[in-house]
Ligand code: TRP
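Coming up is one lone chain in structure tokens, specifically the form predicted alone.
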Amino acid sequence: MTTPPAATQRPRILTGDTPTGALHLGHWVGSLENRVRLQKKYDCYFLLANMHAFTTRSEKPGEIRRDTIEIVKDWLAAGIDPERSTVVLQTEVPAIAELSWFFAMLLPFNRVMRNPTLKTEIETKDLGDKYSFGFPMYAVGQCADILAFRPLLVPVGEDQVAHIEMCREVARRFSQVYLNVNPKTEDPDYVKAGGLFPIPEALVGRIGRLVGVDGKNKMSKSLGNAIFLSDPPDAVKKKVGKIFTGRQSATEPGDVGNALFQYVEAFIPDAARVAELKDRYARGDNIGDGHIKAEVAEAISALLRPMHDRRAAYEGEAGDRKIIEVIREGTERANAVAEQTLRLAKDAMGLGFWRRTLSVDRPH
């Protein structure tokens, strides 16, 4: 059997997004700001899960391609540095699809369908029993997305933790079945005990579930309650102004647990100012919702301003070409890692008949 490679100098992270539209503030506080921060210390792989986008939009490949490019613009605008981190296009990493097939054999069908995130998506997207055969496969595919790169951490939003738990089950099961690792082995010791995959841990952002500007539901493009990372200041101000609190006057004591104050705590960086606003609001000390909304909107726009400046470098056809080159270079690096993982997995399964190599051509 092939000897597993030595660990990189920096521990590895894998996370990503399905290209379904522009990223918003919920993505920022839930995962994206963690990615920007962690890329300084970790070997980061950020996956464009365009294959998963086909589970619900297979008839709209042009939209998926467009959204794939746009989401990378959001990443780079937010501060992802392609010199430090690797941007990966899922459909150009064949090892992911192969591992998905093998991992599917390690998961009972009922276990996949009990995944609470999968069940929620079926409900919220009103799929009923009309979803494709491939739709539940994306939950297995997410395990392959992650384990192909053998990361230690997976920065995700709160709603993705169930997916990570299933991935952890697959990682354990593979090493138990094919590498004879004792099922009683503690998670941090799996590789030391002869396992192929580290048991990855979910890393939830500082706010696992940011409420949308409707004040009720999780921020979501499909619900029309999102503030996008690309929104200009006037759009931010208008959207923040919609946040409903139910408070009638500036002298009425307010509930600092309401949606507006989630935004205060999330986006006003001065802790002393946040404490002052909460105190005055709770006491009804002549401070109105409108004043607080204006302050929140300005704080959000200040956060987004440098993102807009960075994004400007990638607009237009020339910008698209730059983005595609970033994706190509990252995917070439990613294939080297994923192919190595697949080779080790096949060796463990008795499938290591010969070696193959992959290359990524430059786009025409």
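Don't overthink the numbering: it's just position in the shown sequence, from 1. These numbers come from a predicted model, not from an experiment.
Absent from the display: the form predicted in complex with the ligand. The rest refers to it.
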{"query": "Partner-proximal stretch of 205-213, 155-163, 235-243, 268-276 relative to the ligand in the model of the complex, 4.5 angstroms, heavy atom", "finding": "155-163"}
{"query": "Candidate site 227, 297 and 301: all three near the ligand in the model of the complex by heavy atom within 4.5 Å", "finding": "no"}
{"query": "The ligand contact in the model of the complex: residue 74, any heavy atom under 4.5 Å", "finding": "no"}
{"query": "Contact test in the model of the complex: residue 13 vs the ligand, heavy atoms, 4.5 Å", "finding": "no"}
{"query": "Heavy atom of residue 32 within 4.5 Å of the ligand in the model of the complex", "finding": "no"}
{"query": "Residue contact check: residue 142 to the ligand in the model of the complex, 4.5 Å heavy atom", "finding": "yes"}
{"query": "Position in contact with the ligand when the complex is considered in the model of the complex, options 146, 260, 99, 93, heavy atoms within 4.5 Å", "finding": "146"}
{"query": "Of 44, 334, 51, 47, the one that lies within 4.5 Å of the ligand in the model of the complex (heavy atoms)", "finding": "47"}
{"query": "Contact set, 259-273 vs the ligand in the model of the complex - heavy atom within 4.5 angstroms", "finding": "none"}
